[in-house]
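Below sits a lone chain in structure tokens, taken as the form predicted alone.
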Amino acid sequence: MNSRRDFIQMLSAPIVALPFMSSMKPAEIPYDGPVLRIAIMGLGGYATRVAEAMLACKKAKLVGLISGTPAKIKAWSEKYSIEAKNCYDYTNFDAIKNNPDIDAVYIITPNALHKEQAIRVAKTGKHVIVEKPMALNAKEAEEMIDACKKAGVHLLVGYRMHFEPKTLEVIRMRNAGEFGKIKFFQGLTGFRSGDPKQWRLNKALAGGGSMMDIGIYSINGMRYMIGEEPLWVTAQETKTDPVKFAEGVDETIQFQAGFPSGAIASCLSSYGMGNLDRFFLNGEKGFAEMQPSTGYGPIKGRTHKGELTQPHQAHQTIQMEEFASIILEGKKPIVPADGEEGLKDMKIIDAIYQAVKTGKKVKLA
């Protein structure tokens, strides 16, 4: 070092560089933790959405396929690089018991198949993820829970909204008392159903109609938005097309519910009307409105404090990451997504159908 000036320049060099360094984005750290390896059962439209979303997951990976359609197995195997030894049909998937590559099975099949398939998966020792509604009724849901407990495996239900950022912000605000005492919830969920031959309009496969498919969003939504379990329900059915919506397949059902705090809910589920995807929560100090409230996104909403601005990410990506954390790390979600959560919805659906049939208020245990 030749001079004091050289010494000062050496010391100041890092300081001069700081403004440039502060504008640089840190390199993303690769994830090297445990990964939940999943096989999807039932390769239909929603399964495609889940598989696409899982491409962005770090903690969850699609590694297996179960389908009764060989052509789908072939196409999916090529698209997602699934090994042949991890592909099964509905007659032989019990063999996953001896496949160490698969940790869990996500069941995305018609409602009537959920119970049997979930119990079979549980017996293999693999974790069970099942789409909602988890079963045809509460009795079936209880059998699934018991089977998974006996096998020592997790049972999770595809409640993607339980992890959606704007939904969680409304729940946070309610828990913080920002809405005050909750007085009222409205849930509007519905769309015009298409092909009359689809399985969703088949009582034997779906277990009902709009209530089993889209109405469950209002049922689940009133519970997590109000933050309580209902004490009673009443319900009324309207059917304008008895040919398309045969006996046991509901077209439109309005239902009401009462909660321990005195809050009430008024909801509508329909296969005969569009533009129905809205939640409204009203409290003594404020409100929350979400529209769309349960679609694939982006969810939009506002409260008495302004617009909800949480960023959108594919719901299925977040869900599968969270499911991996629950299974692999024992994470406790803000809103549960386990079999017991699904059972609560099934008990309410059973009560709603009973209320429609009898015309009476049905109390919930």
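In this text, residue numbers run from 1 along the sequence as written. These numbers were taken from a predicted model, which means no experiment stands behind them.
The discussion below concerns the form predicted together with a small molecule, not included here.
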message = Which is the contacting stretch out of 153-161, 246-254, 170-178, 227-235, given heavy atoms within 4.5 Å of the small molecule in the predicted bound form?
response = 153-161
inquiry  = Between G221, G207, G190, P133, only one gets a heavy atom within 4.5 angstroms of the small molecule in the predicted bound form; which residue is that?
reply    = P133
remark   = Of L43, I327, V63, L308, the only residue with a heavy atom within 4.5 Å of the small molecule in the predicted bound form is L43
query = Can L113 be called a contact residue for the small molecule in the predicted bound form at 4.5 Å between heavy atoms?
reply = yes
ask   = Should F184 be classed as touching the small molecule in the predicted bound form when contacts are defined as heavy atoms within 4.5 Å?
value = no
task = Mark S293 yes when one of its heavy atoms lies within 4.5 Å of a heavy atom of the small molecule in the predicted bound form, and no otherwise.
result = no
query = Given that the partner is absent here, does I108 sit within 4.5 Å of the small molecule in the predicted bound form, heavy atoms only?
reply = yes
message = When the small molecule is placed as it is in the predicted bound form, are K72, Y90 and D213 each within 4.5 Å of it, taking any non-hydrogen atom of the residue?
response = yes
